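Just one chain is shown here, as structure tokens, and it is the form predicted on its own.
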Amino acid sequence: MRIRRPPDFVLLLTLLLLLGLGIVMVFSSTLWFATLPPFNDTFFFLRRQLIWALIGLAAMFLMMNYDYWRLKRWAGLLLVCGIALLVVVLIPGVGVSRLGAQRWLNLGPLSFQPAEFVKLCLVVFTACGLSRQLDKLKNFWSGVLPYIALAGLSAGLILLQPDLGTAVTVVGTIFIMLFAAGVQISNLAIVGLLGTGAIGLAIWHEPYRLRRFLAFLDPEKDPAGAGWHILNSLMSLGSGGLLGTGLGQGHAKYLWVPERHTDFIFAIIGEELGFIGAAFVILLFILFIWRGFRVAVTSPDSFGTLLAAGIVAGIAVQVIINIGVVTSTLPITGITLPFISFGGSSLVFSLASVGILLNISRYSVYK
């Protein structure tokens, strides 16, 4: 008999702190930008972020009270639907294009990004499959390759949008789940080599990605072009000093830092809240990841362990990529900072994922 307890309070509190900070920083980073056409409304981004946050919290509460092992019956259907949506969004006239990327489907006044849905579906399906085949994981062809193929298919469709950051997150998440399931190091090495080769090919194949990679190596060679994002992001971070310029008082968000409320919101945090504020955000993510993996380790069954590990891994990989890009530790690729950046689909499905994680924590056997 399963004993149901209250969810992990520290995990929930950490999530709410990140979410609250994100709403504040979205408002601060868009104060000026939102007054420009076509928005003409200081509260435009704040209002939309609050709506998505409420929807996401409702999804989190629902999943927190929906027994996680029941997801097994829906795993296959959800993944098929998710991959189908990845195909649909690429159809001209159906998918919505923004800034050269075709990643969205319109849902009335709101938009939906299928890639965010697929990330969660793939984690659930992989956790379900691996938990049933733990004895087959020594065999690369039957125990590992099917999940790599599914991750590769999903990542390939996401790359066509194009969205390299999310594709890398998908592959990285499945890699960590395979490691958590106990796949042999030799097989993981093969997966790592295949993944690295695919990323290298994706960069080489697209001229704009290659320019970004070369700019990452030496941004000052093209300061007004490919190096613009990196240089201004670093100047924004550096100008904050120890304590920052003050909330709402930053200047980089006006004309200098692109995607100030999405991909580069951490640069605005560094400028306005300083080193202490930026470090506090990183510490919150570290605490979240630690508590999440603690839930995975203490789960009462292998499905819960792998599901929790996959959810936390997906968020961790995304955090590492986003902060790595902003600090010029990694080449530029467009990806949001979980719970903090502006964005509907990402926020809703991230919160729904945390709801599943909190649900698993209700049955965890803490030692």
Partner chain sequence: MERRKLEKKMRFFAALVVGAFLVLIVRVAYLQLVEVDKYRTKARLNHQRLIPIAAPRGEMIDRNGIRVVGNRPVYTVSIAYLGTEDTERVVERLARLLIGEEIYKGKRAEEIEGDIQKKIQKQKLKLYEPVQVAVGVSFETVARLEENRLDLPGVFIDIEPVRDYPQKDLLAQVVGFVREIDQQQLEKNEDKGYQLGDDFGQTGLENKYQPFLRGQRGGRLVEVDALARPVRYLGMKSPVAGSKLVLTIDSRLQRVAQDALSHWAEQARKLGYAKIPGGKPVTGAAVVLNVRTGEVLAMASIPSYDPTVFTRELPPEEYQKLSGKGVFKNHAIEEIYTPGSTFKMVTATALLEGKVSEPEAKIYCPGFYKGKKDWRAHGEVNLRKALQVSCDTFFYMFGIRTGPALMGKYAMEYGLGERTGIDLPGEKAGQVASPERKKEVWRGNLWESQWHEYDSMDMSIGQQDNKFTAIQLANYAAAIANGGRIFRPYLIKKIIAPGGRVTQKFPPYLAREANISPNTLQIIREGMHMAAMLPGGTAAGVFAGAEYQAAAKTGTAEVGDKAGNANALFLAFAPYEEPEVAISVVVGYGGKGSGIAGPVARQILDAYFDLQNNSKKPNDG
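Keep in mind that this is a model prediction, so the values were computed, not measured. Numbering follows the first chain given and starts at 1.
Heads up, the form predicted together with the partner chain isn't pictured, but that's what we're talking about next.
- Partner contact region in the predicted bound form: 246-254, out of 246-254, 119-127, 162-170, 193-201, criterion any non-hydrogen atom within 4.5 Å of the partner chain.
- Within 4.5 Å of any heavy atom of the partner chain in the predicted bound form lies no heavy atom of G82.
- Contact check for D218: no non-hydrogen atom falls within 4.5 Å of the partner chain in the predicted bound form.
- Contact check for S328: a heavy atom falls within 4.5 Å of the partner chain in the predicted bound form.
- P37 belongs to the set of residues with a heavy atom inside 4.5 Å of the partner chain in the predicted bound form.
- The partner is absent here, but in the predicted bound form a heavy atom of I323, alone among A59, L46, A53, I323, sits within 4.5 Å of the partner chain.
- With the partner omitted here, the residue from F275, F140, F213, W74 that has a non-hydrogen atom within 4.5 angstroms of the partner chain in the predicted bound form is F275.
- Not one of L86, L90 and A155 is positioned with any heavy atom within 4.5 Å of the partner chain in the predicted bound form.
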